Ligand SMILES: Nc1ncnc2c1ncn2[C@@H]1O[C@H](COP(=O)(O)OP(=O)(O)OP(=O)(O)O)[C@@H](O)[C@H]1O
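This document opens with one chain alone, in structure tokens, the form predicted alone.
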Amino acid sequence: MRRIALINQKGGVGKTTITTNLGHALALAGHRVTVIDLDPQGQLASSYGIFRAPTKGVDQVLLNGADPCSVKLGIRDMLTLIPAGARLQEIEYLHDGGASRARLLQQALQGMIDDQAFVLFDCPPSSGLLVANAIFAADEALIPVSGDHMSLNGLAKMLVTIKKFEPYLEKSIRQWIGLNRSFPRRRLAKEVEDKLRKHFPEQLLNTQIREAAVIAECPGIGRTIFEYKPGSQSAKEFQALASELLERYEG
């Protein structure tokens, strides 16, 4: 089972969009996938067409020790969702438990979803306790970067955050960098890509997800790109992203 955190301290880089469509791409390829919404905004559920936000979700798992199976929802063939829940923001205000607060999710997931090939964590744009829980629970991090310098700053801060946790992880987190919302023909986007290839040649994924109106339209109707425009270039890109993550891991 692969546990991948979609993570970047900068907002607006498309973490939820990637989680939504990558999760469905992997499910369509025949893999059992669970997506977990760790962002208190709770937008992952609506991206899959659940517009009335579930009141219970991973918040109950982290705050009350609920069984994750009791709050997960089957949303597509081979794809299940653990939504955020109404109280997820309260995790950031926990004071009891010391360092163990960062391991709540890791402990909750032990033995829960062993039949899943992938677990994807959609993380908030922060470096707080929810992100710490994702880092401890994950084996891999996929860091989306858009084609601007502020996004590079977000990447740098995220890498520092992960490194800060490494002494306590008892494992190494495999890190991937994915260009998202990109405009390959723009000079600035090309500069960002060149810098990433220079400094992170092994981590940078070849597949880019380009900025496209069809991707922006999907959340409003609660469909993934494979349901809304299955023949589009964007659908092909997400399918390629899933394939590359499979190939890179096996390689």
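Start at 1 and count along the sequence shown; that's the residue number. Since this is a predicted model, take the numbers as computed values, not measurements.
What follows is about the form predicted in complex with the ligand, which we do not show.
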property	result
Candidate site Leu26, Arg32 and Ala117: all three near the ligand in the predicted bound form by heavy atom within 4.5 Å	no
Interface stretch in the predicted bound form with the ligand - options 179-187, 199-207, 221-229, 60-68, non-hydrogen atom within 4.5 Å	179-187
Glu211 within 4.5 Å of the ligand in the predicted bound form, heavy atoms	yes
is_contact(Ala216, the ligand) in the predicted bound form, heavy atom dist at most 4.5 Å	yes
Interface membership of Thr55, the ligand in the predicted bound form, 4.5 Å heavy atom rule	no
Exercise: Ala235 in contact with the ligand in the predicted bound form, heavy atom 4.5 Å	no
Stretch 1-24: residues contacting the ligand in the predicted bound form, 4.5 Å heavy atom cut-off	Lys10, Gly11, Gly12, Val13, Gly14, Lys15, Thr16, Thr17
